[in-house]
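The chain below stands alone, shown as C-alpha cells; this is the form predicted alone.
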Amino acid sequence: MTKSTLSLNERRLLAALAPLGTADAAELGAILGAAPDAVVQYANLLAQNGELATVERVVEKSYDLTDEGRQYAEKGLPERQLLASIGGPTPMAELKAHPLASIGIGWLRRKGWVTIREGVVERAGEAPEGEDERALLAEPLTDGPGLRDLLKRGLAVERETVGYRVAITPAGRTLVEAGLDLREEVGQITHEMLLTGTWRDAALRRYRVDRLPRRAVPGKIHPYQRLLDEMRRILLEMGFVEMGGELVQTGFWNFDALFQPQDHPAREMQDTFYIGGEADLPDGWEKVRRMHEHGGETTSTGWGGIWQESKARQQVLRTHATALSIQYLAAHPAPPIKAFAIGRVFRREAIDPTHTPEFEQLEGIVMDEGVTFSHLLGFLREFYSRLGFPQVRFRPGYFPYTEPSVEPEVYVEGLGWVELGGAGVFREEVTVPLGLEHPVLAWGLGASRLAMLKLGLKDLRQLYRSDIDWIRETPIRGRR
C-alpha cells in the first residue's frame, strides 16, 4: 500500500500514532479533533490497506452499588440489622414484626447465624463479617466472591465500557518515516481552479470505488406498524372512514347483536376472555332478544330457547372487530356508510408459530342503497390488489351473521392459495333489530396474516418482537 492511496484522515492518524506507538481511540480523537468512532473507522481502513495499524477492542468492567446496596452499605445488610435486634431467645412472631424480617430471616438461616426451634429464634454463636459485607464497603468495588453475592442479590450492578486501542505496525512506521503529505485535500474541482490551473498542484482527494461506505442505520418504523399504516392509507384512499371502540365489550355487542347464539362454542371460556362484572344494555335490546328466541318481525325463526339477559351483560375482551362495526351502524343507521377499523382482538389460543392470544383484525362495512354481494367482492379484490396481491379468489363460507358468506383467498408464490379472513352480507337478523333498511356488506380480515405474507415470515410471533437486527434488515417496502 502506498502513501498516495491513503486518505488524508488515514495519513493524519499514522502521523499521530508514530510518536505514541499505541493509544486509545479517545486520546487519538482529541489529537485529531475527531470523534473516537471516526478514529476507529480510519484505523480499520489502515488495517485493511496494507496492515499499517491494528485495532484492539477493549472491554472494561466496573461495578456500582444500587440504591438499595448503598443504603445497606450505611446501615448493614438486612440479616446483620436483624441479628442485632435479637438479644436472646426471640419468638418468631416477634421477629417477623421487624421491617427487614421478610428479607433477613432467610439469610440468617442460610448463613447459620441463628437456630430456630419450636418457633423460637436464638443466636448460633459468633457471626463474623462475611465477604459480601466486606465487598459492600470496598472502594472501588472489585470482582470476587463477595461482589458476586451482591450481584446475585441485586445490591450491585455490573457495567461494561467498550473502548478501542490503536497501534502502528512496522509497515506503518516505515511509511511515516518516508514522509507523509498532510496538506488539506480538495474534494471538488471548482470553475475557478480550472480557469487558473491551480488544480494541477492541488492535493486531490482519492476515491476508492472498490470499498463500500460505512453502513448507515436510520431510524425506522416497525415493519408490522408500517404495513398496518399502509392498509389504513389504502382504505382511506378508497373513501372509507376509520371507526374505533373499546377493547372491553359486552356479550351483547360482541355476540348477541351479531345473531350469534348464546350456546355457541365461541362464547365458552376456552375461546373468550371474560372480565368480571356486568354492563348495561343499550336501548332496544329487547328486539335482539326476540330475534334470538323466535325471529322477531322477520321471516326467521331465530335460534329458539330462552335468551338470557345476564349473558348479554357479561363483559369480554372483544373477540373480533365486528363488535365495532355493529355499534357504528347502530349509531349511524342512515346510508351511505363506508367504515373500517384496524384493532386488536383477543382469543384464548395456544401460542405457536401461527397463533397468538391477541392479534390485529381489519374490519370493514359498507351500507348503501342497492349494494350487492358483487360489490363486496369488488371492494375486497381492489383492497388486496392495492396491497400487492393481484390474484384473488373467493370460496363459499359460513358465519352466523352473514349470508351469503365467502372466505377470500390470495395467491402467494411458493405457498399457493392462502385464506385471509371472512366476508359476507349481514343477515336480516342482524340489521332489522337496529332499524337498518339497506344491505350491509361486511368483512373481517387477519391483518397479522397479511403481514406475515408481505414480510415473508413463518412465525407470527416475529411481528410482536422488538428484534433490532430484523427491523434493520427488513426493507421499507414490503414484498410485492
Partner chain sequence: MPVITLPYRYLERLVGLPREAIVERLPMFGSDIERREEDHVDVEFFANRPDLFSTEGAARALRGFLGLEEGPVRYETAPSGIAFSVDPGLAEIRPYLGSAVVRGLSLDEEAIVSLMGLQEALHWAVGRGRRKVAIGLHDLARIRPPFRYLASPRDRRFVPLDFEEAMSMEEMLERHPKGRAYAHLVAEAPRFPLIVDAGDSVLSFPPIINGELTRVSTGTTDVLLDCTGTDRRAVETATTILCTALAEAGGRLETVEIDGVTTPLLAPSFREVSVGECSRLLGLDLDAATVAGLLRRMRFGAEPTGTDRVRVEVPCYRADIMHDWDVFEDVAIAYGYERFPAIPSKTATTAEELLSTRLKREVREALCGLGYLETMPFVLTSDEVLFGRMRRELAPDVLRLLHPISEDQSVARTSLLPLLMELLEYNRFRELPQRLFAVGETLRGFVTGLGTAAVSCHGAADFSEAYAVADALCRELGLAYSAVESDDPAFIEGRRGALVVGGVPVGVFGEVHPEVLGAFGLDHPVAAVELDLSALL
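Numbering follows the first chain given and starts at 1. Bear in mind that the values here come from a model prediction, so they are computed numbers and not experimental data.
The following text describes the form predicted together with its partner chain, which does not appear among the structures shown.
K.L.:
Report yes if any heavy atom of E382 sits within 4.5 Å of a heavy atom of its partner chain in the model of the complex; otherwise report no.
P.N.:
Residue-level check for E382: yes, a contact with its partner chain.
K.L.:
Can I105 be called a contact residue for its partner chain in the model of the complex at 4.5 Å between heavy atoms?
P.N.:
Contact with its partner chain, no.
K.L.:
In the model of the complex, does Y207 come within 4.5 Å of its partner chain, counting heavy atoms only?
P.N.:
No.
K.L.:
Please check if W199 has a heavy atom lying within 4.5 Å of any heavy atom of its partner chain in the model of the complex.
P.N.:
Flag for W199 set to no.
K.L.:
Let me know the one among R165, R153, R123, H375 whose heavy atoms come within 4.5 Å of its partner chain in the model of the complex, would you?
P.N.:
Looking at R165, R153, R123, H375 one by one, just H375 meets the 4.5 Å heavy-atom criterion.
K.L.:
What is the one choice in G244, G179, P390, P353 with a heavy atom within 4.5 Å of its partner chain in the model of the complex?
P.N.:
Spelling it out, the residue with a heavy atom inside the cut-off is G244.
K.L.:
What stretch, of 63-71, 422-430, 445-453, 28-36, brings heavy atoms to within 4.5 Å of its partner chain in the model of the complex?
P.N.:
Checking each option against the 4.5 Å cut-off leaves 422-430.
K.L.:
Using a 4.5 Å cut-off on heavy atoms, what residues in 437-472 are near its partner chain in the model of the complex?
P.N.:
Sequence-ordered list: L463, Y464, R465, S466, D467, I468, D469, I471, R472.
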